[in-house]
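Only one chain comes next, encoded as structure tokens, the form predicted on its own.
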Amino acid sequence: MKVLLDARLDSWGRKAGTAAFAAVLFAGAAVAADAPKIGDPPEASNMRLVGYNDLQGRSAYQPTIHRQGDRWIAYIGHHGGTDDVLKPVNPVTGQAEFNGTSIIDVTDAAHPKYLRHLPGQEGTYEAGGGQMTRVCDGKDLPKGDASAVYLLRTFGGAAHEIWNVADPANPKLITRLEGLKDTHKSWWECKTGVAFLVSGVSTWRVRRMTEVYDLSDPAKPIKIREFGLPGQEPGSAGKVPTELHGMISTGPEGNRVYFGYGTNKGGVLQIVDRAKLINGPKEPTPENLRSPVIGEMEMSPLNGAHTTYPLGKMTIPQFASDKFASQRDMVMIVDEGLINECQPGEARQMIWFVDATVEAKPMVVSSYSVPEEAGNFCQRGGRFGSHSSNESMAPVFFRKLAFITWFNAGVRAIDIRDPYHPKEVGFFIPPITEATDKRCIKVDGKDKCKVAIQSNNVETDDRGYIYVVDRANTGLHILEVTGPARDIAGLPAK
């Protein structure tokens, strides 16, 4: 398989001319749109493959790309295994290891080098593994060891861990925050050390809420407070609001934290005053939980808020002569599709653009969804719908291109320069491999299964590479934009 993939890299991306490359891709795409199979090329438009790693055939969630001196290191969190393969063999060590965190040197993006697998918690799917990753340099943290590089990750659903990965091939455990039940997608501010940790605390009435920590000295974590929607807190009664999924902070400069509640239903966008959240009264009473909230937007019961990505103030040229000028404060919301093959029980999950210029009254002004008929995606197998976006705010793509994973429709490049009129300008759907796992639905009480790409999370780096990982064990694909999409980013032609 490695020889085959190396050959594909040459024919699909590194050495093929643009015209020949496009012809190969679209000839393959016509077949793959109906029934992708092993050996088919990827389907692509204005994006191409640069490098690949199989991630030892482990289901992947969050990639974090971090520059360490002259090196670029990818830290990739994994879900737990499956009932069939709970403990895959690590070919580097020859040992069977529960899924955890893959550490890969991507300095040469065309030839990523696998450095270390850091095992996670025993368990299947989100109950095991180590799916979330964030990384901060010790020299940036107010009280960190200047020689250290710190990896914050989840340990299954039971804990948050901090490791020193200054030598990424030989991580060392620093501390563990234990006693939790459902950790997930957190955020860590490197300049302040403040971390917003998605956790499951047993006294709360909801599976996931927020623990705010001071991790400025990773060896001495200090808990600041617990936070969530009123009605989720200990001792409350009545209907429990939808659970937290994640958040993104703009730090002390922007003084906002954007929380997303719900995944595929009952979504809530919450805009919070960061300073009041950190410094305000800590007891989780309804009044104290409402105090730092500046604005909330309840979405349709049919859609959730997996990722709430603040775009900040954007110039909208068409509004230049309007009373309130052309600057609008924008937020992008990405839902998560959960149900295989568009089966009944779930609305189409997609992306929404919110104008939060009046923060107390944010409103949706546009949306985007991949056309299903473009690839017969409901028949391909697995999930079809959005999942997450890149979260880097590096200038190379910020406010220009957003990259959204769409499960069996791969990763989509969206032109967001006018967020009132977003449009797709590129896509890449990875090819399936022998490792790609099947996804099943019930038909007449029996499992009907198909092998399908399930692009799960995506991130970018300052160099302009895009990293997409697969939920169905297909691995890591490192991409770059081409053609008009590359022009939008302002990257030099290749």
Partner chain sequence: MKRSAIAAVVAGFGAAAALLFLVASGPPQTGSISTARPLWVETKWPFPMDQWGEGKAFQCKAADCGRDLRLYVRAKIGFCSSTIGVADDSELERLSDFDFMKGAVARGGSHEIAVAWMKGRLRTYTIGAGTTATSIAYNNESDALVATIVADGAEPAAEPIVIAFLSGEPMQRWVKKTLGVE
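Positions refer to the first chain, counted from 1. Model, not experiment: these values are computed from the prediction.
Only in words, not in the display: the form predicted in complex with the partner chain, which the text now covers.
Visitor: Among the candidate stretches 399 to 407, 418 to 426, 258 to 266, 216 to 224, which one is within 4.5 Å of the partner chain in the predicted bound form when only heavy atoms are counted?
Guide: Every other range fails; the passing one is 258 to 266.
Visitor: Give a yes/no on whether Trp188 approaches the partner chain to within 4.5 Å in the predicted bound form, heavy atoms considered.
Guide: It does not: once the partner chain is placed as it appears in the predicted bound form, Trp188 has no heavy atom within 4.5 Å of it.
Visitor: So in the predicted bound form, is the partner chain close enough to Lys442 to count as touching (4.5 Å, heavy atoms)?
Guide: Result yes; Lys442 sits at the interface with the partner chain in the predicted bound form.
Visitor: Even though the partner chain is not shown here, does Phe155 get within 4.5 Å of it in the predicted bound form, heavy atoms only?
Guide: Close contact is absent here: in the predicted bound form, Phe155 is far from the partner chain, nothing within 4.5 Å, heavy atoms only.
Visitor: Is Met350 close enough to the partner chain in the predicted bound form to count, meaning some heavy atom within 4.5 Å?
Guide: Outside the cut-off, so no.
Visitor: Taking Trp204, Ile339 and Pro344 as the candidate spot, are all three within 4.5 angstroms of the partner chain in the predicted bound form by heavy atoms?
Guide: All three within 4.5 Å in the predicted bound form.
Visitor: Please identify the residue among Lys313, Lys239, Arg71, Arg290 with any heavy atom within 4.5 Å of the partner chain in the predicted bound form.
Guide: For this set of options, the contacting one is Lys239.
Visitor: Can you pick the one in Val92, Val85, Ala394, Leu302 that has a heavy atom within 4.5 Å of the partner chain in the predicted bound form?
Guide: Among Val92, Val85, Ala394, Leu302, a heavy atom within 4.5 Å of the partner chain in the predicted bound form occurs only for Leu302.
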